[in-house]
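Listed next as structure tokens is one chain, alone, in the form predicted alone.
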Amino acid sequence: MSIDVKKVKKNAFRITKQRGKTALRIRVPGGHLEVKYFDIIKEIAEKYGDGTVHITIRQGFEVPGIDFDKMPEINRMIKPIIEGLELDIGVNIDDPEAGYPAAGTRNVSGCIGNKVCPFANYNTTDLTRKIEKEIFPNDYHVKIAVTGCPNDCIKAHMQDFGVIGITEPQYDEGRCISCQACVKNCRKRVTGALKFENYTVVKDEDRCIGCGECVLKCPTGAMTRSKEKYYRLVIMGRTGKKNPRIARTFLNWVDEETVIKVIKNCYDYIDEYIDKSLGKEHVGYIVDRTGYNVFKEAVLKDVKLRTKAKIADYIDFGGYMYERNRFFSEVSR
């Protein structure tokens, strides 16, 4: 059977090692979906696949063992999933019966957020869907994850864009009983941003990362989360063969609108600077080639940063290179 590989991949089906077989990839923005969609996924896996489903690291589903000629039929079957998880949040897909129109920009992943987790500073599902609405469908290879607090359970530091929810703890001295529970916890488990002076909790603004653990530890409610929502945006983390590395902080103490605008602007940056001779190019390598300042100028276009916001003047991304013989010696026998 003759197939158009590019068209297959764009339609969110995978080219597999098994001749004549493909795998369907289903997007689940934020990793949260109603269980009614399981019935559709189960039917596809049992009727057209090999009876199994792989849960991907990006919180989507991959159904292997599908014949290529069944793709149109399966696309019609997943229409309710596309309508429920994409169209309902405002994603523009002209023909949901034709399946996904793009797969380059990966499924936006997110931790469970403050609907369940006491550490989370915001509703991650809501934000993942807002980001999904702005960036999908798109063919450019970009990975985005959102996490509710600096614990970073979703591994936002391994993404092109990692959104970390933070808060500015509000201290009510009148409710404080000088137990120092917040101070001790911050010293042992966080950054040591709090200290106790003259029967008052004092915060080092430069050390505070906005995790909100002091709020959870306070037995009297002297510490509360700020009404204003803040985020730290880390960028250009990656795995891969060339230069794996952890994402670095680009913006700190910014609002939701800024986060979304910066991510959206990045697509114009990619469009201008991507190496078109390649089948695809990871955005981090584009930043390496153009330099941080070119990237910064492009993604901050028409972005109005608030007074509290901070921006990195310079980023040393670091990571390591696969130079096998440089730091190793053979073991003598």
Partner chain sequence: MGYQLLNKDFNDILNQLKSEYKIYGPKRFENKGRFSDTDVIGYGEIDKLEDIVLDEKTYFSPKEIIYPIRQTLFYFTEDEVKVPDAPEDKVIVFLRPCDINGIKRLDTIFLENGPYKDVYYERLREKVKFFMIECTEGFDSCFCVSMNSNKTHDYAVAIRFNEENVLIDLKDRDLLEYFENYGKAEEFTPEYIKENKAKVSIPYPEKVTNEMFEHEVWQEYTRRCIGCGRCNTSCITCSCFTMQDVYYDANKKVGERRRVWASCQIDVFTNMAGGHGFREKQGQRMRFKTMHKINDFYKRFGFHMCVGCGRCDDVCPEYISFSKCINKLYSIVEEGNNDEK
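None of the values given here were measured: they were computed from a predicted structure. Residue numbers count along the first chain shown, from 1.
From this point on, the text means the form predicted together with its partner chain, which you will not see here.
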### Task
Using a 4.5 Å heavy atom cut-off, indicate which stretch of 234 to 242, 171 to 179, 95 to 103, 259 to 267 touches its partner chain in the predicted bound form.
171 to 179
### Summary
From Lys203, His141, Arg225, Lys79: within 4.5 Å of its partner chain in the predicted bound form by heavy atoms is Arg225
#### Entry: Distance check, Thr125 to its partner chain in the predicted bound form, heavy atom within 4.5 Å
no
### Query
Going by a heavy atom distance of 4.5 Å, is Asn185 a contact of its partner chain in the predicted bound form?
no
### Task
Answer with yes or no whether Asn121 is in contact with its partner chain in the predicted bound form, where contact means some heavy atom within 4.5 Å.
yes
### Query
Counting only non-hydrogen atoms and a 4.5 angstroms cut-off, does Gly90 reach its partner chain in the predicted bound form?
no
### Query
Relative to its partner chain in the predicted bound form, which residues of 213 to 231 have a heavy atom no more than 4.5 Å away?
Val215, Leu216, Lys217, Cys218, Pro219, Thr220, Gly221, Thr224, Arg225, Lys229
